[in-house]
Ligand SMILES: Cc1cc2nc3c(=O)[nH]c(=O)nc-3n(C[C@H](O)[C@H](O)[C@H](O)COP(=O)(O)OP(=O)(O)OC[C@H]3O[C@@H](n4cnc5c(N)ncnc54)[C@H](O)[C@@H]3O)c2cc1C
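Have a look below at one chain only, the form predicted alone, in structure tokens format.
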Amino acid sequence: MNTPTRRDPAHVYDVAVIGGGVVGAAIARDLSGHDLSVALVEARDDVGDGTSKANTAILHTGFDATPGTLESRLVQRGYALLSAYARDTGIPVEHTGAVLVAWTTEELQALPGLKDKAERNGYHQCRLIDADEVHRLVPALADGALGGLTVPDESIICTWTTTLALATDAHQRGTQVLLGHAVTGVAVGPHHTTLTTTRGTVHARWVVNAAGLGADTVDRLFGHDRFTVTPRRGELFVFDKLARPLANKIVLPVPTSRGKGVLISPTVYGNVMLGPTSQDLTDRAATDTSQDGFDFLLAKGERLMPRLLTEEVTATYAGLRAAIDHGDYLIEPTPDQRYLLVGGIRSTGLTAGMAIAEHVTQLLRTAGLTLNPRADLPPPPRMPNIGESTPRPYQDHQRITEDPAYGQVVCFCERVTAGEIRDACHAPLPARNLEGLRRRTRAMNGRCQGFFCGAAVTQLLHAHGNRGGTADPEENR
């Protein structure tokens, strides 16, 4: 049976998965459902702390993927898998539906082709609508819409909880989660590969590279030169919860020859997002926002939904997507090196992650890895609810009666309680710092951005065994 144990530096894992984002966590979870020893090797101090933490958090139907591609197939399969997994684990999901809005003649003429593309992708629920119905569905839109296309099954999801659930599930199945292990060197031997990391060596018979923005760098450590990652920055505005009635559906742009454009989307936390921008960079750590980005989004917001711009902005943020010069996911095994690349996974990786994991497992089997399914798997974890569509702990009178800490609100903007912060600090993959607490509880994510609650939240983090810095990643295993 795969059981979590303190790591022996000389131990040789059956598989090491590089990258603790949503795709890497899904792969580790799937592999640890077999009679294998698995390590999840993550450069940062927490899972889901890279590309996976900052995206538009949409659970995609795959209606607009390029038909016949691997991405199209895996997004469709991933939508079904993640929808079911969310129900099993409590990942917040809201089935809001979406509408693509045409504002120009070119965009209006593109809508029938998009409906046809959706049908070629196996999605037959899209419907062409006129301008009156567009405004009936989203009354707050600016005047001037010419028509639209509905996508009733597009949904919003919590990307933070998704990654954490998959990584926690992998951990409980026996995967060793090695945090702070940035891979700096690779030596492929006759029987196993040695990964040199910033926290020592990791030995594995097979290696899966799901390193996201660093996937091309790791690929070159294996001697390949098949692609280059271009960091693509997307900046977004997050509007206050009072704006939520303005956008109860996802408002998607119509892709044209000039690009995909900017969307307006509700979030599972009760906010509204406007974005993203799209800017290719060279700096893989450039997650800062910019004046140019703000100006661009303000102009788009004024054109799409002027009333939204009268609401308060709670936060701004930027995420980096791993763009490559390849029209599809790049998932390729190299059997003679016992190595498999998972590269070029765009923002659809959130939806496709579990299907990518299935695909990777099958490719490894074909490449020679022995895979025997386990019969002793633990049930999937039940994740804390940080969404607004179902009751939160501060609203659960029975829970508060049993444990008053769930009635002690610490972060008043987001209604986060002392019990939730305590639980996050003692979870199987605990919060190790304030940013980890943000993603696990929503603490300090509201209007005040921690101005009023930051001291109390920090005090609770200290009280539960962390001093606000990076804990030893060998703990809690």
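Just so we're clear, the structure is a prediction, and the values are computed from it rather than from any experiment. Counting begins at 1, following the sequence as shown.
If you look for the form predicted together with the named molecule, you will not find it shown, but the lines that follow are about it.
Put simply, of 97, 255, 333, 234 only one has a heavy atom within 4.5 Å of the named molecule in the predicted bound form, and it is 234.
With the partner omitted here, the residue from 57, 431, 31, 411 that has a non-hydrogen atom within 4.5 angstroms of the named molecule in the predicted bound form is 57.
Partner contact region in the predicted bound form: 214 to 222, out of 214 to 222, 123 to 131, 105 to 113, 86 to 94, criterion any non-hydrogen atom within 4.5 Å of the named molecule.
In the predicted bound form, residue 50 approaches the named molecule with a heavy atom inside 4.5 Å.
The closest non-hydrogen atom of residue 43 lies within 4.5 Å of the named molecule in the predicted bound form. Not displayed here, the named molecule is kept clear of residue 173 by more than 4.5 Å at the level of heavy atoms in the predicted bound form.
Within 4.5 Å of some heavy atom of the named molecule in the predicted bound form lies at least one heavy atom of residue 319. Taking the named molecule as positioned in the predicted bound form, the residues of 340 to 362 that bring a heavy atom within 4.5 Å of it are, in sequence order, 345, 346, 347, 348, 349, 350, 351.
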